[in-house]
Ligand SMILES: Cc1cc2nc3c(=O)[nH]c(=O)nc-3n(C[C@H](O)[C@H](O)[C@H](O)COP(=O)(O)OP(=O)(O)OC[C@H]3O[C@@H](n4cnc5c(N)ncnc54)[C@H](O)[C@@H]3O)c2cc1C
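Only one chain is shown below, in structure tokens, and it's the form predicted alone.
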Amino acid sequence: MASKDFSVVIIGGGMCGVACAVALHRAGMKVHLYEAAPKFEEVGAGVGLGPNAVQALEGLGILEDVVAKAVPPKLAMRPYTFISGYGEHEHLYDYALSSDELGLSIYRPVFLDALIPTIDPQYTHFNMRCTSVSLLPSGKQVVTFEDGTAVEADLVVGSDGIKSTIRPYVAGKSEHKQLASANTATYRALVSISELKKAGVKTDLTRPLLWCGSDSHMVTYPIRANELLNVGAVKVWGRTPSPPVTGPWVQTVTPEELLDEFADWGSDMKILLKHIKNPSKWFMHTVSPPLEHYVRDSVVLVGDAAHAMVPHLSAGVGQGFEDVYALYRLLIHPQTNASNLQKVLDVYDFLRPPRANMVAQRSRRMGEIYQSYGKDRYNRTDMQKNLRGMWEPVWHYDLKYAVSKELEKLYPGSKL
């Protein structure tokens, strides 16, 4: 591909920012990436990528790199089994998969490790915390950093996460930067599966499980060849979004707090919780209300900067990769240039908000289902009826076709 007559900077070096930078570099566009941290790093647990996210990574030309670093290094999906968090943990529902529904589970740092070596270091800049973006009379954007330096570009990609500094430029200034607390916290920990078996846990912990309850649920799945159990215990204290939590969003808490929150749960769960020694508490936040637009002037949002959502469908990162794929396809087209860049970004803004916001809404609904099981609420039959088909609209989306259709309208008769 011939070099472009417009410059691009990416703000934020997380999974979406790095994926965007690598894909555009491989297409011949020498974009610069600015990261606030002193090096590339990701926090949090692993991520599950569904068929739609796999399709996006394949379209970006980076799927093979990522799969090669995964453990095991192959595409596969292990569906959740839903069980009761109470009593003897009654079986509720098995989410069935078809043979063509392939996904990938990978840890965030491993994802970055797969791609970072392919980025030319001269295009990556660390310790560069963005403080603002503004429009110059020339039509270029200027990004200002905490150290007082600034950089100009024709296009700014805001991939700076849930606490995005770029978001207010696109969405308008608000008291909380379009962020809201989901009134939900996840207690995270790792526990030895063999120790739990010795302690008398009867439930098969070597498969992904979703334990359902009333205003609470828990996700567990094995890692490291079934050696450790990854635990996410979720507690809800309200259904209506509220202002962001003041203070740290991640806190170390006592085992006693965790036990108190789930005191009415069943036998195996009580054993499991007693084996958690150093739980951390993560307060969930979302972009709320959802943004109607992800573009303003020549500034575009991708990933959590655009649509941070609750993780109840494991779909947030996948939506970020869909964003990146759509933007990548639009930018690398041979006819895209500085003179029509705004029209190209308008296409992105037509495609992405309806799709990502639908997934965000569906993720909220999925959490409500998980957390509505128990006395005077959903019974087993209700759970099965409500859970059935929840993932399909997320997974079965022809992203390549959706982008190609809009490119054909933009550039009739051109090679896509």
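Everything numeric in this text was worked out from a predicted model, so none of it was measured. In case it trips you up, residue 1 is the first one in the sequence shown, and so on.
Another form, the form predicted in complex with the named molecule, is not on view; read the next lines as being about it.
Interface membership of V66, defined by any non-hydrogen atom within 4.5 Å of the named molecule in the model of the complex, is ruled out. When the named molecule is considered in the model of the complex, Y373 lies well away from it, no heavy atom lying within 4.5 Å. For the chain shown alone, A27 is not a contact residue for the named molecule in the model of the complex, no non-hydrogen atom being within 4.5 angstroms. Not displayed here, the named molecule is approached by G161 to within 4.5 Å at the level of heavy atoms in the model of the complex.
This chain lacks the partner; the member of H333, H217, H89, R188 within 4.5 angstroms of the named molecule in the model of the complex by a non-hydrogen atom is R188. Every residue of the trio M15, C130 and V317 has some heavy atom no more than 4.5 Å from the named molecule in the model of the complex. Heavy atoms within 4.5 Å of the named molecule in the model of the complex are found in one stretch of 259-267, 116-124, 161-169, 147-155, which is 161-169.
Residues of 372-398 placing a heavy atom within 4.5 Å of the named molecule in the model of the complex: none.
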